[in-house]
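What follows is one chain in structure tokens, specifically the form predicted alone.
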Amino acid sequence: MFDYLIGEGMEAVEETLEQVVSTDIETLQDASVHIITSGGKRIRPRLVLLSYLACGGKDLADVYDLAAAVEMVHTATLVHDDINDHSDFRRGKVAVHKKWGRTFALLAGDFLFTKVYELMAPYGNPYNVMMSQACVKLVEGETLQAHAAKTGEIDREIYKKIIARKTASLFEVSMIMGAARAGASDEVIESMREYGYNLGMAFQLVDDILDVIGDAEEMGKPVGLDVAQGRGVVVAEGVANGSGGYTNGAPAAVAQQLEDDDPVKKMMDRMRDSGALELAKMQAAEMGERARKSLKPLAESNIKDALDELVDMVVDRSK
């Protein structure tokens, strides 16, 4: 019954995502559907559904639009990220900016962000406040990351601040909104927030590890971009440890090697040999365990088991 509920819920979220971007402006419609139907892990909307059920929610349909709104925010950021990163592919498809051009990609991303308001409006406060705060954190995190990439000023603390805001913020709000909508106590909501935060941190740590060792075809996007642009946990660890040949930040290392054959590959090889990867894997596992411990206030159930299994899926994933 539980699996059926979640499956039905996720199907409803997919339908909502496609329906809400309906417009008579053909380019917006096509670009939006292109990225929305390109797949993805859909972890964030799943967290909304699981948190709601775990905290005693009875009518799962009550949070379908909340779940869709969180995924819509995430999808909008991907469109803009691909422009900033000069990435040609996303989720195995041609990136929006490559197919429609930079201007239309920016507008499509803005369109998706605007549609979040439409999904959130019926819930009123405090849910709109929760979402707006998460979006502010996300933009702050992306700005910190762009600054770090430009200046080469990145270390463990800066990296942690970046991923806490750009990634963990949406994981947190997914858990918080689901729990609050179910009528959970402040104590339980805080536990759900901690789960979301730690899971989000682990997710981004693994994502950045895969940027070094992942398979581009399996992941559906280019690898090595974060390393090349001086971002990511492995770069941060390399700078902090003084390993991998970095002195004044990764961008300086990139500039120094521009004349070498395949400089990104050489940098990635250095990162593999520096020990930063293993340290990052340990950190991801630690954050995963913290997420698991946050589930303690929940009664034993299939839903709690699903949240527990999600930790393993995030930490052990290969794409």
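Predicted model, so just to flag it, every value in this text is computed and none were measured. Start at 1 with the first residue shown and count on from there.
Here the subject shifts to the form predicted together with a further copy of the same chain, a form of this protein not shown in this document.
Residues Glu187, Tyr197 and Lys304 are none of them found to lie within 4.5 Å of a further copy of the same chain in the predicted complex, as judged by heavy atom distances. Just one of Leu210, Ala182, Met131, Ala164 comes within 4.5 Å of a further copy of the same chain in the predicted complex, counting any heavy atom, and that one is Met131. The listed set Asp24, Glu309, Glu11, Glu300 contains one residue whose heavy atoms approach a further copy of the same chain in the predicted complex to within 4.5 Å, identified as Asp24. You can rule out all but one of 96-104, 202-210, 167-175, 189-197: in the predicted complex, only 96-104 has residues with a heavy atom within 4.5 Å of a further copy of the same chain. Contact check for Glu140: a non-hydrogen atom falls within 4.5 Å of a further copy of the same chain in the predicted complex. Among residues of the shown chain, Ala121 is one whose heavy atoms approach a further copy of the same chain to within 4.5 Å in the predicted complex. Among heavy atoms of Lys160, none comes within 4.5 Å of a further copy of the same chain in the predicted complex. Taking the partner from the other structure, a further copy of the same chain in the predicted complex has a heavy atom within 4.5 Å of a heavy atom of Asp110.
For the stretch 276-293, the set of residues having any non-hydrogen atom within 4.5 angstroms of a further copy of the same chain in the predicted complex is empty.
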